[in-house]
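So this first bit is one chain, no partners, the form predicted on its own, shown in structure tokens.
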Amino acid sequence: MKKIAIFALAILLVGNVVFASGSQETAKAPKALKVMLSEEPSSEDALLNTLKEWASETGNTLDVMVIPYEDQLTKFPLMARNKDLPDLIATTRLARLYPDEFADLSKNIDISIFEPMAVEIIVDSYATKKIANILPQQFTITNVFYNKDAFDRVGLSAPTVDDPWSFEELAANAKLLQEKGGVKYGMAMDSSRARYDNLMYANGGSMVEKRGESFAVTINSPQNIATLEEFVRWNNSFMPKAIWAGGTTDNPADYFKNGDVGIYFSGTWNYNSFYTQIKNINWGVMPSPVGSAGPSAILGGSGLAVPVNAKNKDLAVDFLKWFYTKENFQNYLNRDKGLSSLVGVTYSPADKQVAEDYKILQSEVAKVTKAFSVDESSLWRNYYDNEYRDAMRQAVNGDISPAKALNDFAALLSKKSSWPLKY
């Protein structure tokens, strides 16, 4: 009987070991992290390659879906309603528009590791509650690229950080480049309000102004109307008008890469693709021009968010904890060649020319205006957004005057927000 009891105990112990082993294997079984991106990533995409590195290191897999930025606004609510959500989203607006749908990541990530401006602009401004339901993926800023070959053809030297161009100099040189620099367009801008808004802020304008605990609408100020009038003249002279008039869906970045543009207003997020893709022209970075009220730059960038009802939200949080370590974020930054949102981590390129460009890009951070910060704090986009861009499109296309475009939009924003009109 004693032998039988010992044998039975041995079988029980072996069974327990097998059971425990099976449980551990199940716990370590690879999972698929479902990631939603806003554009088709290239083979050089920094975030995608960092995700692949994490997957390889942890043994998990990736399920990447691409939904364009504008489509996200309509498709995300349906996904949330059907509980068919990605685990991780790279976005700029969803966490602000649907804060209750996203996890408060400050419970998992120490927010003090981020640059304060990144937290102010990306975290707070994209959330209607004071929680961190989105974390900065990258600290980006608007900037200006230029075609060195075109500059050389007309004997033009690029402006410097200590001696930037005025808007008047910018316009005159853009005309010169178009006439004699061998380019089709002297200047081009992304069809984004942020590019135009830099002109507005540099000339002393703003969307709103602070009024106690509320705001007043100022988008139709005399400064803003004069700025839009000048912008319309630029489009009729030395810019590809169809971009801003809505006559094409072309990306002006392609124009620049092809050597068809002398000066290109865009953002630091394009630097990496330009560095790897442009082989036919010499190009560089120049400081932003200065308006009547001074310089202007706009900070932004996409963030990473985790839906609270995502199937593998814990896996997404695990990735974020891994991603925001200094070593892993440094590797991401080296791929991305952008500004850093993490304190104590900076991009340090070996290429001397890239290092010089990076100094200019970093100098743009100091140009962010108080007016931009106030506008962002108002969350005016919760009332209208595309309508503002449409108003400028109509003005550029010549359908209505710049004054009517801004006065009409100001009235719309005032009515929906209940903020009074200043003008």
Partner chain sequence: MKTHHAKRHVVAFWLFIAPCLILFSVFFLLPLILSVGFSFTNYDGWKTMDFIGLSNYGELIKDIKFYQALGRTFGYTLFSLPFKVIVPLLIALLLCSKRVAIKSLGRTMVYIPSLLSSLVVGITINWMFSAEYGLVNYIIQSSGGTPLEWALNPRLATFVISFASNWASTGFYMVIFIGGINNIPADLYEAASIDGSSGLQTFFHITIPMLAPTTFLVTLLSTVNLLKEYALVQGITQGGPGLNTTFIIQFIFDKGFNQMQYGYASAISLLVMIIFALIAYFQFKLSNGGEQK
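Numbering follows the first chain given and starts at 1. If you're wondering where the values come from, they're calculated on a predicted model, not measured in any experiment.
Although it is not shown, the form predicted together with the partner chain is what the next lines describe.
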Worksheet item: Considering 209, 168, 250, 318, which brings a non-hydrogen atom within 4.5 Å of the partner chain in the model of the complex?
Response: 250
Response to the item:
Checked 246, 182, 349, 294 for heavy atoms within 4.5 Å of the partner chain in the model of the complex; positive is 246
Worksheet item: Could you tell me if residue 101 has a non-hydrogen atom within 4.5 Å of the partner chain in the model of the complex?
Response: yes
Worksheet item: Taking 4.5 angstroms as the cut-off for heavy atoms, does residue 386 touch the partner chain in the model of the complex?
Response: yes
Worksheet item: Does the partner chain get within 4.5 angstroms of any non-hydrogen atom of residue 394 in the model of the complex?
Response: yes
Discussion item. When the contact criterion is heavy atoms within 4.5 Å, does residue 330 count as touching the partner chain in the model of the complex?
Written reply: no
Worksheet entry | Per-stretch contact check against the partner chain in the model of the complex, the hit in 272 to 280, 152 to 160, 221 to 229, 237 to 245 (non-hydrogen atom, 4.5 angstroms) | 237 to 245
Discussion item. If you apply a 4.5 angstroms heavy atom cut-off, which residues in 256 to 278 are near the partner chain in the model of the complex?
Written reply: 258, 260
